[in-house]
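Encoded as structure tokens, the following chain is the form predicted on its own, with no partner shown.
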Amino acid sequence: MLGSPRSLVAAGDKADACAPSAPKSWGWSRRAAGLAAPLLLLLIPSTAMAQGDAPKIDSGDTAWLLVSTALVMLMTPGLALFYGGMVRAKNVLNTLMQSFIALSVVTVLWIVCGYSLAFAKGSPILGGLQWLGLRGVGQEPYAFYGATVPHELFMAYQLMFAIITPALISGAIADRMKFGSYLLFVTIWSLVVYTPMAHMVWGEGGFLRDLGALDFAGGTVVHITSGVSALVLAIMLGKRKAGFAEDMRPHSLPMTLIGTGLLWFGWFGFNGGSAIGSNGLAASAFVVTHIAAAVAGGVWVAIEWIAYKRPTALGLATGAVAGLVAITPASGFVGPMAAVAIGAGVAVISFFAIRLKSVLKYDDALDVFGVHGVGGAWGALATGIFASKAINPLGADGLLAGGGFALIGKQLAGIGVAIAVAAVGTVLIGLLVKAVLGLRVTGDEEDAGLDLTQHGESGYAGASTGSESPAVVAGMHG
């Protein structure tokens, strides 16, 4: 660090005393220089003196988090297309609406109280009330969450996570839940399940954070909670009704593949943005995110090719999303080869988890539990195996990095808490919604389709709903 202006001026004066005398005509310039020197020296060391000052916004970090926030927002419309292509044509608008409505409802909840309950300093379980209505959440950084980005931007980034998480549940209850009941469920679930989990894992003073459980971008908070809740709610609703002549296959796989691409694209902000800075850690998370998705999609296709003799587009899409899910909690703590192992592992685990539907007789319509619940749990556990402080000094060493089983134990604790909070919370919320509004549409409404009966609209004017086709139950999501 440069010396103070005063010390530098004093050194200059001492040098002048030892120098040969100068002509009197130079006196004016020496006097001018003496007056200007303190001003110039105040400017020269300004950057160095800024070190150690209060948190200050960095334009690069802020720009990256702005982009990441937009990328994560895009994931919710991407999810809508991903799910929308997999349902029958008569339910496509209803399925799209279940994702899009979360953008409105959760945003309002988040600014009123959700952000404060999730991220304000409070108890180990839940945040305090000091940021209600975003009071005190402004343009200045809040150092605990990001010393170089506006606090308001960090809040907006976390909002996009809060939006997509309950929307993930909609895939399990497709084709049969009342829209009003779904809306009430999402509203309560966001406050009762999501905000406590977000606080425990990421919040200042949160129980699991202080315990040392690692979740870089949402394996427990987002994927396990939504996956487990999806399974519970699907069981509470019961199976979909399928007429003898009704085709239950996905009505538009091109739509699903477009949704997959948008999810994959947005996930770079989901994981890379969680570094809360434009830095090496963001780049590392970005790279391993892509690797895991690519490997999982390829392995899924290979499994299908061996088991069914044909690779499917739906299998590729499902595998890629499973890879993205699994790498999420580990993305800020593992390197490329670990990402390969995580991606390959989730393809095998989730593929066979989905096959259990036919054995256990539950109707998780679009395999939310198999992909997000099981995939998220594998990712959280894999973090305990592959995490390395060489990737992130603020993390911990997992089993293969010489850390022993300590981190695995903490990761199992995080998984257990997420399962318990999601399962108990969903049962209680589901029973409440059932008592107030009922959960399921009538049989006649289900036959006619939820687009018409819940919204008075049709996704494809004049198009067949698929009910005239012979029943084809085979297929991944049949």
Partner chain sequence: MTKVEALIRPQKLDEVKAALTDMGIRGMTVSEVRGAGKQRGFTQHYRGAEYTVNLIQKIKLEVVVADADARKVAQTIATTARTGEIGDGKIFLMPVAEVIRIRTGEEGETALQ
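No experiment lies behind these values; they were computed from the predicted model shown. Positions refer to the first chain, counted from 1.
Just so it is clear, the following notes concern the form predicted in complex with the partner chain, a form of the same protein that is not shown.
The partner is absent here, but in the predicted bound form a heavy atom of 366, alone among 231, 366, 217, 214, sits within 4.5 Å of the partner chain. Think of it this way: in the predicted bound form, the partner chain has a heavy atom of just one of 255, 385, 155, 354 within 4.5 Å, and the residue is 354. Listed stretches are 157-165, 185-193, 99-107, 79-87; the contact stretch with the partner chain in the predicted bound form is 79-87, by a heavy atom cutoff of 4.5 Å. Taking non-hydrogen atoms only, residue 314 approaches the partner chain to within 4.5 angstroms in the predicted bound form. Under a 4.5 angstroms non-hydrogen atom cutoff, the partner chain in the predicted bound form lacks residue 179 among its neighbouring residues. Using a 4.5 angstroms limit between non-hydrogen atoms, residue 249 touches the partner chain in the predicted bound form.
Mapping the unseen interface onto this chain, residue 328 falls outside it, with no heavy atom inside 4.5 Å of the partner chain in the predicted bound form.
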